[in-house]
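Only one chain is shown below, in structure tokens, and it's the form predicted alone.
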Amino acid sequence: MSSEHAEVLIVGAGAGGISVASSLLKRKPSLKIALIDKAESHYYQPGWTMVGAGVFKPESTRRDMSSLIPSGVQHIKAFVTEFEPDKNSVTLDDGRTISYDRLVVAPGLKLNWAGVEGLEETLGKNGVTSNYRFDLAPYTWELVQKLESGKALFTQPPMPIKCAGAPQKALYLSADHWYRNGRIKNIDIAFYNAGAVLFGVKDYVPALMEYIERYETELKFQHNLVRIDGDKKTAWFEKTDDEGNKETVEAEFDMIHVCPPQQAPDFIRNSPLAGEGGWVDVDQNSLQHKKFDNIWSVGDVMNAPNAKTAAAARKQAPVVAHNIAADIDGHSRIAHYDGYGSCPLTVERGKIVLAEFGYGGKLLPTFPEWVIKGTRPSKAAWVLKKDILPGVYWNGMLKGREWMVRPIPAN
């Protein structure tokens, strides 16, 4: 068994992990940073909604992981199997032990496909698809183009999930295609949502409801997908009424877009870092672990009550980088994360409702209303999503360029 050491060890080379590494190096170029991730590819996951609508090519959302690791950062191609925070070390699947001075936990969340009975066996065939997987998003677009009539279902599991708007983005863009091609009257569309509301921040609901009505979509709240039979083209949902009573209802489909249930990865849930629900237990402002002072977390894996989006990680990464640098320097002027998250709700091809909000649903618009009024659909927001944000991601966020998200230390 070999042992290595890093001044800052980062678990996970997703959006959050790479961004923290890059932002740290901007502040402390000589810092010895190691990044643990076994994946060969890195994906721009916000682009998969657009792949599922035929707007982006799938290849545009993928790059080789090796091309994105910041120069000077050690890339350890392995999985973490155990955290030992009392010893300031982690154990890898190859038996190595890596010790650290400071740790950043950013492995993302787990898509629990097995959480719906029968789902794994039928994904990618029988009209069953999901934009939550790189290889399946093109199948979504294939199904949308082929469907002339019938029943199209879209599902959303209980919160928290990665990009809470993604399940209905798939609905809107699919329905828009049918609307523009004169098929909408021949297709029965239903949105089965395990939650009780269309969107968690009420300011955006009126605009979204206009599109629900345009696409003649039936809303099925408090319906959670529990089983699916692709061969029989039937799905079963657990329906909960206002008194908490439950019953199972079934629905036939010709096409179904599934958002899988989601949870913290097993190696996080079973670790000393986990709080209630299995997520990494952090202070929601500093993103520092509540028990272990030399551990921070970013992205989907931690339990701050923010929306789990790439935009949130873009705002979080500089905060964590700043706070780690402050900790190294021994001063207390830390930065605070305000809960910012963004969900560009693609309500039709060419228009987006740009939801931007923080803790407690407080609206946090980036642009003045005369540029983009976030509570209304706009062409400018579509241009931002389609033409600008991918470049900001690849060439800004992942390279530590903190455009419009540079943290301001608290007084």
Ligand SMILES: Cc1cc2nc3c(=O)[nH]c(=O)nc-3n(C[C@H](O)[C@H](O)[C@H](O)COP(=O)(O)OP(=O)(O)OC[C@H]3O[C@@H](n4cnc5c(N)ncnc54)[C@H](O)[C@@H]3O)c2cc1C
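The numbering used is simple: start at 1 and walk along the sequence shown. In this text the structure is predicted, and so the values were computed from the model without any measurement.
As for the form predicted in complex with the ligand, it is not shown, yet the points below apply to it.
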Problem set entry | Position in contact with the ligand when the complex is considered in the model of the complex, options Ala264, Ala235, Cys163, Leu153, heavy atoms within 4.5 Å | Cys163
For this session: Heavy atom within 4.5 Å of the ligand in the model of the complex: which of Pro46, Pro377, Gly358, Pro70 fits that? Just give me the one.
Result: Pro46
For this session: Please name which of the stretches 272 to 280, 199 to 207, 248 to 256, 131 to 139 has residues with heavy atoms lying within 4.5 Å of the ligand in the model of the complex.
Result: 131 to 139
For this session: Please state whether all three residues Met65, Gly108 and Lys308 have a non-hydrogen atom within 4.5 angstroms of the ligand in the model of the complex.
Result: yes
For this session: Examine Val298 and determine whether its closest non-hydrogen atom to the ligand in the model of the complex is within 4.5 angstroms.
Result: yes
Exercise. Does Lys169 reach the ligand in the model of the complex if we count a contact as any heavy atom within 4.5 Å?
Worked result: yes
Problem set entry | the ligand contact at Gly400 in the model of the complex, heavy atom, 4.5 Å | no
For this session: Indicate whether Phe79 is a 4.5 Å heavy atom neighbour of the ligand in the model of the complex.
Result: yes
Problem set entry | Contacts with the ligand in the model of the complex, stretch 320 to 359 (heavy atom within 4.5 Å) | Ser342, Pro344
